[in-house]
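As a starting point, one isolated chain is supplied in structure tokens, in the form predicted on its own.
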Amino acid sequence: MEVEEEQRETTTNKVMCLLTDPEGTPLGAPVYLPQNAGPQQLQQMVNKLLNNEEKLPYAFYVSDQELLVPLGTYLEKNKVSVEKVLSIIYQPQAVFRIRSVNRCSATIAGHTEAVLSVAFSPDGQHLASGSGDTTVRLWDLNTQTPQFTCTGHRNWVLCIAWSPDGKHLVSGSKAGELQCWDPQTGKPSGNPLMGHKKWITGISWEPVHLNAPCRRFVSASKDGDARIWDISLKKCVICLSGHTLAVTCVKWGGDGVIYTGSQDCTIKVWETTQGKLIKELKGHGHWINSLALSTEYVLRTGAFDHTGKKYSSPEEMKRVALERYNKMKGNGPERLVSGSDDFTMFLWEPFVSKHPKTRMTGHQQLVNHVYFSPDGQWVASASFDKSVKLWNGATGQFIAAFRGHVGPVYQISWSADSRLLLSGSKDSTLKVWDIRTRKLKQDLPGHADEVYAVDWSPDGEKVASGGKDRVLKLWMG
């Protein structure tokens, strides 16, 4: 009888817990943990169970709420029964920390019309912008002055994209032509690439882990086609036609397929050797405005990371980029999120199913921009309803709404450590949101008019923004 009493006493102050990764794969069997165990003890346990030689930081979540207190306190506060198995999700965190930007370090004039796009190079050392004045400009980030003005377009420069090896910059205009530039000199490399009949809506490069040095990119246009170009051959190699209305966005996935989103309400998946249509993803009731890939950050940065390492050969770059891609992707499939004029978003796993995994609702106006965090843990969405919303990147569950902008939110960008989110709005401000506290971290007024474009550099040091007031602003921490 005494033995039974003793056993009962030892189990009452323990909690049965099951640790799982974000995809839901359990880490070992459920275990009894003392109620005074908190995130620190769990961290030691996860590192031990995963046999990590270097101890990595983890965050823990119980039903989408971060666990910041000992288990006993959590159970009491949330009135959770100790008889049920408590499921705890562990999330690896970035080993480095990015400081929030809090001041405008430079306001650089140069463009004579609105700045429509800004983009940092993959290593974060160079910055390009495209404008309504038909030029692309490259900026010197050390002196914070204009470096090159790239002229040649006949109309507004609507979009720009750096190749993930950092060697090329491509821009697309309202006249439908594309131009490749050499960022070192600011000179065009070759004649404009002609083929599209209407303006360019998006550009995406082939990932460097699939092909180094970078040669191919895909462009999307209002004319309903997407085209694959080869910069060494200086011509269009494949035309992807099949959409019945304008193609609004395009992404070249890490598995080597191309995703196009269109005003015909469909997303098409293409293979890239002959341009065959593989799949069609249907579900939206209105135009698709934006696509995001869970691996987008590593595809954009290729072999470059926060350490600033330089590479001597394309082969080495390809190898490192592949390692980074595989590590980021983990065991799960590449995920895709689409945002639409129907106010909703869908989370897809195109290689698992042609049906959406989750329908993400909550915005009260069209969704303009969707973006996965660099670690794939979160999805952020910007909408004309003036809010930015945060969602779970694996399940599509709604997490939080960031309110503070007083105009439509046009574009968002993540800090490299996935802890901060930046948004630019029609209300002329930029705002930095803290993902952990789910609150406004920094309000950055300064622009005189609407902010169309924002980008946080991959090295985390700086933010660039541009808009209707024609100036480029750089922000530092």
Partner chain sequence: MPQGDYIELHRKRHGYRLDHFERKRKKEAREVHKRSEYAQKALGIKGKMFAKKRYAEKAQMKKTLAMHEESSTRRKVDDDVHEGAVPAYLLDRENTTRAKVLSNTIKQKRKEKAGKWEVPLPKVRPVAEDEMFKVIRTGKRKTKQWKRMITKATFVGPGFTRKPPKYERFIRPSGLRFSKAHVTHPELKCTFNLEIIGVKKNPNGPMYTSLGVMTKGTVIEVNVSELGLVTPAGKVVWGKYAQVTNDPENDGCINAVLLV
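Residue numbers count along the first chain shown, from 1. Every value quoted in this text rests on a predicted model; they were computed, and no experiment measured them.
Just so you know, the form predicted together with its partner chain exists too; it's not on screen, but the next bit is about it.
- Taking non-hydrogen atoms only, V406 approaches its partner chain to within 4.5 angstroms in the model of the complex.
- At the 4.5 Å threshold, heavy atoms of R154 reach its partner chain in the model of the complex.
- Although the partner is absent here, S423 is not a contact residue: none of its heavy atoms lies within 4.5 angstroms of its partner chain in the model of the complex.
- Under a 4.5 angstroms non-hydrogen atom cutoff, its partner chain in the model of the complex lacks I160 among its neighbouring residues.
- In short, of 184-192, 363-371, 348-356, 93-101 it is 363-371 that has heavy atoms within 4.5 Å of its partner chain in the model of the complex.
- This chain lacks the partner; the member of Q179, S338, T201, S204 within 4.5 angstroms of its partner chain in the model of the complex by a non-hydrogen atom is T201.
- Note on contacts: among I231, L116, I89, A212, the single residue with a heavy atom within 4.5 Å of its partner chain in the model of the complex is L116.
- Contact with its partner chain in the model of the complex holds for none of G308, F402 and W456, as no heavy atom of theirs lies within 4.5 Å.
- In the model of the complex, the residues of 435-450 lying within 4.5 Å of its partner chain by at least one heavy atom are, in order, D443, P445, G446, D449, E450.
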